[in-house]
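Read the single chain below, which is given as structure tokens and is the form predicted alone.
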Amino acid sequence: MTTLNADGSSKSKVLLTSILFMGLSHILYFKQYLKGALFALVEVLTLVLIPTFATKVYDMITLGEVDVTVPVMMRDNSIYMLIDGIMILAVIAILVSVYVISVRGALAEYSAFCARNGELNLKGSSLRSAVGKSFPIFGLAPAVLLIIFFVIVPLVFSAAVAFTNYSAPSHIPPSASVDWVGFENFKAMFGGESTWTGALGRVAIWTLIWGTLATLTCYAGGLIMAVVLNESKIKIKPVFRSIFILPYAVPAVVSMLVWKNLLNGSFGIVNRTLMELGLINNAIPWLSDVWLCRFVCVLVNLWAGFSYFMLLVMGNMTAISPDIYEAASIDGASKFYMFRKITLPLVLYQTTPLIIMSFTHNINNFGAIYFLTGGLPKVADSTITSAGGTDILVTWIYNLTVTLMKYNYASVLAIVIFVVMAPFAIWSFRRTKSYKEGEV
């Protein structure tokens, strides 16, 4: 039985015992046999699986070697080794966490033992008590495991590829192996190779311009239409609202493909109609001129996305008290003055977090660009980099992986997007008035 002192002098003894073997302190000193047995079972499983852990981690470090005498499908697959290694590291992290919990639990139990002047808490050793105290841990465990294996592991794998040479034609498993190359891919993209660096700068700048214009135009369009409909005295306002919602209700893929055909330079109905009306003599290169094509992207995105903000603003406007407008009207304020001093500030206050989220969404708005232009038209470096004149970073990543199979460069771009967007989104969100006042 226990030989612990109740004055706290046995803390090192409890700590050492709990470190030597998981759950040993609970069994030896506190008679918590069930809890101690569970911890001990985890340690036994860990010891049994150590050879497997070591093999998987070693494979992740080396990423295998290609033996040309072995059939292709039986060779080492570097990507599988990398995924397995990351998953094993996640399992090891979980086991280390359980280990820390067991040690801290033993120390906490000893503190309670001292507080009770050396009396054991035998009620805490019962199955019902153990399950009751551990319920939050067991309740959250499935969610934590899902987050680890379905969120964190894929993200870590995506980031790890940026530090390898996983790309065609020489490093595609299983016919060839993949090697760790450190920051070589980052060096190539950020100054090491002028063609790739130029393409990265061009696409990154256009991505930021696109995200800003797409967000601002949709918000401004939605705000204007919401105010106009709200102030309008016509009786068929619901009809207009329904019509304006239609572009947002139709799947974006369909809308973008339709616009792609309508604006086709050869047979598009827009050019043909303008020519039939005598307004133009030659076809307008809507989708073949770089700058005009970028303008078209913003314009079509406005058509497809303003109704979202229109509904959002209309909902927020209903929360503004009519007494405010009535008081302003009595004071002689004009409609525009009331919009500028009352409606706009209150609506912005409510919708700023959603504007930030919309900006983040537009930065990664794959469908609006890919289905409308496919990243075209081509520019000088498109043959080497596969980055077209309207490609944004996310569509370029798609081209790099599907067309060129340069997963290493695509992973670098993914990291760049995360590093740029995450701090910006958090910083912008924390500066909003609604966040500072703790309402969101």
Partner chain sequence: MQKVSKVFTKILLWTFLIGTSLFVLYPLVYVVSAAFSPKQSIAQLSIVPFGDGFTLDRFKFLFNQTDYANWFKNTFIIAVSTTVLTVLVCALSAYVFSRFHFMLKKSMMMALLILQIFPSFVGMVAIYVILLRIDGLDTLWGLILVYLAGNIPYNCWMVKSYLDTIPKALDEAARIDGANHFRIFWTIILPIAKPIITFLAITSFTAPWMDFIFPKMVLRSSKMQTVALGLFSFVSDKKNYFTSFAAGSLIIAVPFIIFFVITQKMLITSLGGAAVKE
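Numbering follows the first chain given and starts at 1. So that the term is clear: the rigid core is the largest set of C-alpha atoms that superpose within 1.5 Å between two forms. Keep in mind the model is a prediction, meaning the values are calculated, not measured.
Unshown form predicted in complex with its partner chain; subsequent notes refer to it.
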Position in contact with its partner chain when the complex is considered in the predicted complex, options A188, M314, A199, I356, heavy atoms within 4.5 Å
M314
Exactly one residue in N364, S175, S111, S329 has a non-hydrogen atom within 4.5 Å of its partner chain in the predicted complex; which is it?
N364
According to a 4.5 angstroms non-hydrogen atom cut-off, is E276 in contact with its partner chain in the predicted complex?
yes
Contact between D84 and its partner chain in the predicted complex at 4.5 Å, heavy atoms?
yes
Although the partner isn't part of this model, could you tell me whether F183 comes within 4.5 Å of its partner chain in the predicted complex, counting any heavy atom of the residue?
no
I'd like to know whether L16 contacts its partner chain in the predicted complex, with contact meaning heavy atoms within 4.5 angstroms.
no
Any idea which of 175 to 183, 278 to 286, 144 to 152, 336 to 344 reaches within 4.5 Å of its partner chain in the predicted complex, heavy atoms considered?
144 to 152
When its partner chain is considered in the predicted complex, the residues of 388 to 405 having a heavy atom within 4.5 Å of it are V394, I397, Y398, T401, V402
Would the C-alpha of A106 be classed as shifted by 2 Å or more between this form and the one not shown after rigid-core alignment?
yes
Once everything's superposed on the core, is W396 shifted 2 Å or more at the Cα between this form and the one not shown?
no
Return yes or no for S97: a CA shift of at least 2 Å between this form and the one not shown, with the rigid core superposed?
yes
